[in-house]
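Form predicted on its own, single chain, as structure tokens, below.
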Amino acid sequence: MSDLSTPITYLPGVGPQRAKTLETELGITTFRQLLYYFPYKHIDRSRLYYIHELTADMPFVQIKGEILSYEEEGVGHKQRLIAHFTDGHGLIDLVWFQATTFKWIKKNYPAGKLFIVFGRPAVFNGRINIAHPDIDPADTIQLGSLGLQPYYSTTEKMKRRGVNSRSLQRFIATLFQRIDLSLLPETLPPDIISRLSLVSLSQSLHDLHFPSSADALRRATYRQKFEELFFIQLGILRYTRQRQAEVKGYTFSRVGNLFNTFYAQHLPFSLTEAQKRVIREMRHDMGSGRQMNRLLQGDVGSGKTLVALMTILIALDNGFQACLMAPTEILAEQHFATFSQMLGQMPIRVELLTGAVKGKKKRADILGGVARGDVHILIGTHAVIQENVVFHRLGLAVIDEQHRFGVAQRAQLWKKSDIPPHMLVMTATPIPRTLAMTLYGDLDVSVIDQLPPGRKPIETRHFWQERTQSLYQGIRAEINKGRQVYIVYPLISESEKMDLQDLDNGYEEYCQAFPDLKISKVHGRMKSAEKDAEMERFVRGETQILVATTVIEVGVNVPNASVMVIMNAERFGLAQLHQLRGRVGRGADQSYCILVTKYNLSSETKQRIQIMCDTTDGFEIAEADLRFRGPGDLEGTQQSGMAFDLHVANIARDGQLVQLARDIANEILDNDPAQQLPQYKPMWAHLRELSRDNINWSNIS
């Protein structure tokens, strides 16, 4: 049996050039990596169709015939190569769009030779065609032996170099001839395999590529999904238990005068039961002698900032400093203003440290105060983790909108104290439970699931772009009540490629529609000072309408704003729409979110718009967003330190399996905390092997 660590170049049929292509395009360098490069689909290729049978609603079809002739049409990015193909019973067009491949295609698929063509039929200008089909010489394929055929993801560069899905299929078939899968050591404990009725590792690896039946593929997929999710959870939980045992935390043993004075005299409104519960959870963590590592989730407007401030006061009561790090200067300034206002005349020095804080004397005064302990709370952006910021006694670090920060930036805060400070990371982007268990599996999670009293749910309505006058009337009615309005666009300037309403044109339209009103404009290309000045005008009520891009998504608090109009809402994801909607509804008055779209929408887009109109529950929206977009596309997950790849499992669809994997991983850690029991030795060895493949479990969150 060949060693699975053998370089891929030594596999017959690959060679140095193809090995280089596999490495640069897919990251495959060894037999093992090729073995674990699973197909994205299997299709039954035992049947041929006649061209006259084809319709545009068929998924994938296979036809046999010859190319009659080629012709090229169009110019620039619309250039295409068309092959006229016949099977003697009808005609069909085969179409390619990458001009750089046209010469290669004509050479390799000459007219007059019999080919088997595979692809998805479509209709263009009343004619059936297949774009970018798979083509094989007819004499190289035996249809009866094909059955369920694997299809592998490849890149255009690979195809130009002669490495397509069929090539990968051949390489993997050769690999199975070179290795004896039965000698592959099992990675899961026997009792788990038996309990879940799992097929063996060797059987699952074979059947994921070349299944004998649909049922064999299903069983192989289930085994591999469980394995992937199980080792992720085992790694996270083992690291978490180890960190909890080794990393001590400052013990905040008392709730003192500052907390009690604030609670009795400065509380802006009564705490909800959810806020009280979360504060108790954090107080317990910080009094345990272990480092608190907690994720605070709460929908927009749920009162996370107040909870963070009261947690900070516990740190101050125990003789420690605290810092709050925010992703933008606007948000940091808003936190500074909120803290200063809430604390009033209490004997607490709060300072702001951002790039906008100018003057050597001012910065030196702040840094000196932090180093001496005179500054009790430091609020800032990335500036707070710079080397010249030295704390006297940092006991608590709060990170707001944590998905905006990378792992390394958050880790810098650990180094600001002799013992790592307690960590509280906050997000207003609700994270589905299954994703939180995976991306933030080593964090304890607190959820504020109630809105403060007096808040009315935001009413969301869907408008077509054609109903402009009706939209203007609604905006005018709210402004006549003394309210303010946000208008959000996806683009700053007009785009030739996208038929979207842009901010520049939209700003002009609103100036014409409301000539008697003052209107602000804010977008990401503006200088910070200019942008902040326009925002401040809106915050102070000097302008009634703010036309903006998504720069206002996070952190703007204008209680008097009661309408959020989102233009081209079909261009935004659910999570982003929900974030934008949360900019209104911050006062006691009824607020509205208007989703404006073009008339022709896909069925999925209609579902997304309907979900927004039906619910204001952030977690329900996040679950739907996860289903629509998958975990890799969700805002924040790319920066979260997701240190592993899922080959088969899908967190969006496999939530129950995530929970099962986590429960079993916890059981094993309870049974074998020292990792010494013989029945688990292969499992621990495999986890160590995964760790050597650069999976750093401390980077999960």
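Not measured: the values here are computed from a predicted model. Start at 1 with the first residue shown and count on from there.
Not on display, but discussed next: the form predicted in complex with adenosine-5'-diphosphate.
Quick check on this chain: which one of Ser302, Thr381, Thr311, Asn318 has a heavy atom within 4.5 Å of adenosine-5'-diphosphate in the predicted bound form? None of the other options qualify; the answer is Ser302.
Residue (of Ile193, Leu271, Val255, Leu205) lying close to adenosine-5'-diphosphate in the predicted bound form, criterion heavy atoms within 4.5 Å: That would be Leu271.
Joint contact, Arg461, Thr615 and Gly618 to adenosine-5'-diphosphate in the predicted bound form, by non-hydrogen atom at 4.5 Å: No.
Although adenosine-5'-diphosphate is absent from this view, report whether Arg586 comes within 4.5 Å of it in the predicted bound form, heavy atoms only. Arg586: contacts adenosine-5'-diphosphate in the predicted bound form.
Contact of Thr86 with adenosine-5'-diphosphate in the predicted bound form (heavy atom, 4.5 Å): Thr86: no, not in contact with adenosine-5'-diphosphate in the predicted bound form.
In the predicted bound form, Gln275 touching adenosine-5'-diphosphate (heavy atom, 4.5 Å): Because a heavy atom of Gln275 falls inside 4.5 Å of adenosine-5'-diphosphate in the predicted bound form, the answer is yes.
Consider Arg455 of the chain shown here, and say whether it contacts adenosine-5'-diphosphate in the predicted bound form, taking contact as heavy atoms within 4.5 Å. Yes, Arg455 lies within 4.5 Å of adenosine-5'-diphosphate in the predicted bound form.
Options 110 to 118, 523 to 531, 194 to 202, 293 to 301; stretch whose heavy atom lies within 4.5 Å of adenosine-5'-diphosphate in the predicted bound form: It is 293 to 301 that comes within 4.5 Å of the partner.
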